[in-house]
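To begin, one chain is listed below as structure tokens, in the form predicted on its own.
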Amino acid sequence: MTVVTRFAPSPTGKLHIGNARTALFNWLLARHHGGRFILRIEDTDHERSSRENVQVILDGLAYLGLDFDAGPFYQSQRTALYHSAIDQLLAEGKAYRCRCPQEALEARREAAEAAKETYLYDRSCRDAGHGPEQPHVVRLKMPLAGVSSFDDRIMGPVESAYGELDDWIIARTDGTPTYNFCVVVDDADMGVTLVVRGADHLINTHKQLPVYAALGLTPPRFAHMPLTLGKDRAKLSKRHGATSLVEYRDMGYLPEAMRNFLARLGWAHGDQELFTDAELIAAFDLDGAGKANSIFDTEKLDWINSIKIRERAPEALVGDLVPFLARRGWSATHDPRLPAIIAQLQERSRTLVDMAEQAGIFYQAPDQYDPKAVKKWWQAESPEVLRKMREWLAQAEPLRQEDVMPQVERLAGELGLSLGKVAQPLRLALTGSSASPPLDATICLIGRDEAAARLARALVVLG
């Protein structure tokens, strides 16, 4: 049987990290088994759903690199299918119209809460046989006794007594079908064979299974993933870092790093931490999924991202880095130096934000000089170092990287200075700091004329 999975977010807010992990797990399972991955937008909440939020979902999936084989399907465009299924259940006596006033139900709920009891609808309309003439909701006739049970692919055997579940509403007073009902109809209609979602949906599964039975449908297999928590074991929130997927894109995390990181939240393949996409697809199955909550560790994400940055060819990072440079006002779209600049910064960068910040020395002369570096490296002989290096640059045509350090060494010998007392004042004058990529690469990437101009300015400011 072909494995068919789906990702079914509601467009009522941002695409959060937990949603992104759910999407990734479903995508990996479909790709691992040679199956199909469906995208469905569950936009039945008309007040909170918006096209802007739908676009956020699509943008997030595009950033994560998850392609879908069918969809996106929109529940708002499938209401005829839901109404047909509701009419079937009403005709077969498996659902009923409830006219209980909302005020009375709320009063009963408040009384139950005051008594510290669980509120359940008392089924007063279950056998009343109400017709459609007056305002009503439609409720499902849940089993009155016994246990709802299923074998979860992650959690194992799961059960809930039907006595703890009431006859829940499958259509509101305005006729709008509810989430749990639409999900069943959609999953059956789309041929979904495996539903992978968060553990907070466990109670929904117990509600949904009787719908499958009432409609004469075969339910899919279910797998409920434990929660993802912060390092303090609390629910993820802003204090743990960004919670929206696109925020991590904007923070400079590569999609392959995010895929690797999210896959390891609640799933393991031996002791392996780093995966290529091909390795993830080949290895991923639910046998490796754990029952314990996973921990979102930003330091680990940084580590994975730094490695993925180093593994990319410099040319393959150009398109990703350019927008981060543009944010800082540096147009680098057609800069032929950019692959070489990236090559100098890959070992030093955790994120593309890091890389863009460090690349600034190649696009903008320093407007200030690090006071600690000035105090340590700007000595009485430093002006002479800069003057002589400017003289050399004036005749270095062409300027070649392999010629720079021999010149620095000759200059040190000529002035009777250590190599550091020559190289560090030069680095300070060129970049405003005593830390940069290798001096020879830095000078050549800045360019001969610009390097000479920066040395001249440093002589005026520091001299």
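For every residue, the number given is its place in the sequence shown, counted from 1. All of these numbers come straight from a predicted model, not from anything done at the bench.
What comes next is about the form predicted together with ligand GLU, which is not displayed.
Interface residue among R97, H206, H201, R249 relative to ligand GLU in the predicted complex, by the heavy atom within 4.5 Å criterion: H201. Listed residues V183, L245, L386, M258 were compared with ligand GLU in the predicted complex; V183 is the one with a heavy atom within 4.5 Å. Of the heavy atoms in R350, none are within 4.5 Å of ligand GLU in the predicted complex. Contact between R264 and ligand GLU in the predicted complex is not found at the 4.5 Å heavy atom cutoff. In the predicted complex, at least one heavy atom of Y179 sits within 4.5 Å of ligand GLU. Although the partner is absent here, A8 lies within 4.5 Å of ligand GLU in the predicted complex, judged by heavy atoms. Proximity to ligand GLU in the predicted complex, taken as heavy atoms within 4.5 Å, picks out 193-201 from the listed stretches 315-323, 193-201, 109-117, 138-146. Taking ligand GLU as it sits in the predicted complex, the stretch 18-50 comes within 4.5 angstroms of it through a non-hydrogen atom at just one residue, E42.
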